[in-house]
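Take a look at this one chain, the form predicted on its own, written out in structure tokens.
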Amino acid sequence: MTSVLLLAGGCGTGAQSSASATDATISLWTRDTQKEFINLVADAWNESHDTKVEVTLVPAADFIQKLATSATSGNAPDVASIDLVYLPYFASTGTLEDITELADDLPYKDSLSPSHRALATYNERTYALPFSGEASVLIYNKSLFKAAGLDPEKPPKNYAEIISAANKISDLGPDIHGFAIAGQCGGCNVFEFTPHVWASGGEVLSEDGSQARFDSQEVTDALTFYRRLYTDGTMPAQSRTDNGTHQPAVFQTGRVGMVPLGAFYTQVLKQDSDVDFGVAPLPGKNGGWSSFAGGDEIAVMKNGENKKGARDFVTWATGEQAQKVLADNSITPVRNDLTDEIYVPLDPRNKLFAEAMEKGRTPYSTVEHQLFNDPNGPWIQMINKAVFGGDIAAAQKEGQEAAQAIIDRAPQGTNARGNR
């Protein structure tokens, strides 16, 4: 079912280039949203190796569809950089090379991102290596905190403190808002909203992915928290329909006090904004904190032509040279044994992102897209109806039933981790 869903309406033509024709090249596919750093990584490899990496940027919205199509048509690239949430799906379809022995032989394997390693494991075998990291945090405008009489060095640490700060900031003027979300973006809200649930002791899926937990009390509390921010008038009106573009843009204008976003966004703020911003953990209802550990895995495709070159490259991509290229471009490294040396010294705010990569979590599911990222899926529909419609109980009941139905239709047979 998963394959059918992802391949439905097939794009047919694949990406702009296909698999490598000789051992002299390694074809690498990645999303076009990686363009700021992926060519720098490839350049670093190409300067020191005879075999050259050729990068193909695929539109992000089409990437999963095109990669799945290429894998089944025998036209896959040698290497693919894949959002880690989709690793269980691709591993379950048999399109990725089993690289368990390669991964186990890495001398720093225990220093790699725990979430990446977990998502790359299916039926107790390893199908990818961690490549790039990303972590969700609370980003806040220090200038608005000062103007509202708040201490910019003491960001809020629970739901009540965020609500109080958001109201004080919103009181600064009719075009100033305390908190913004992207209310019609599933991927944004699995990244930004689930840490509140985890930090409060809740879950959104069972550990093996076989049961939805959308109807838990911790999800109720987090939805009630967002609903209060909305009914208090602290969110911009656009939050209700935002597909992920308005939230970061409006924070850059300096008219929003807080947004839950990630390390990638701090690079944007440093380059294109005068906002004096701080970063803080995403808290639970009564304290504690959690984060969504995101980023990419790098995998050897089973139908690729240059298997040796592909294995060499994915191994090198976890090494210090490649990870430093990422760190220099505000991408969180996936090796915690390197972060204090190559990442944290670049900006003291990076320390939180490094800690969040170790502490962060990621839902494991072969149907992650249908559950969470699909704009018409049960996760974002539940959040949108609860926060902006107000009937939280009905929204959770509907979301829980729809999510469980998707899981029950999945073809994993036993459970989402492929264990027998």
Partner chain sequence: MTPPTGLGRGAAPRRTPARAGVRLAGAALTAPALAMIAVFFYVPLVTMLWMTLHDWPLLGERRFVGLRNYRDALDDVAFRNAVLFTFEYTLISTPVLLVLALALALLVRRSGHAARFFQGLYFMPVVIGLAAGSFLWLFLFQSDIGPVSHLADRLGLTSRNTDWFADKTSALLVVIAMVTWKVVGLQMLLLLAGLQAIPAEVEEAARVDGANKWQTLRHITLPLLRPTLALVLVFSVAGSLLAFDQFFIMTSGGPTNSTITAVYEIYRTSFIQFKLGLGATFSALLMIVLVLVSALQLYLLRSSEPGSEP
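Everything numeric here is computed off the predicted structure, so don't read it as measured data. Numbering follows the first chain given and starts at 1.
Keep in mind the form predicted in complex with the partner chain is missing from the figure; the text below concerns it.
Although the partner chain is omitted here, in the model of the complex all of 175, 184 and 241 have a heavy atom within 4.5 Å of it.
The shortest heavy atom separation between residue 409 and the partner chain in the model of the complex is within 4.5 Å. Using a 4.5 angstroms threshold between heavy atoms, residue 374 counts as touching the partner chain in the model of the complex.
The partner chain is not drawn, but in the model of the complex it has a heavy atom within 4.5 Å of residue 95. Contact check for residue 106: every heavy atom lies farther than 4.5 Å from the partner chain in the model of the complex.
Residue heavy atoms within 4.5 Å of the partner chain in the model of the complex occur in exactly one stretch of 42-50, 27-35, 351-359, 58-66, and that stretch is 58-66. 71 is the sole member of 71, 298, 144, 326 with a non-hydrogen atom lying within 4.5 angstroms of the partner chain in the model of the complex.
Contact annotation: of the candidates 237, 160, 268, 118, the single residue with a non-hydrogen atom within 4.5 angstroms of the partner chain in the model of the complex is 237. Within 4.5 angstroms of the partner chain in the model of the complex, the stretch 147-165 places no non-hydrogen atom at all.
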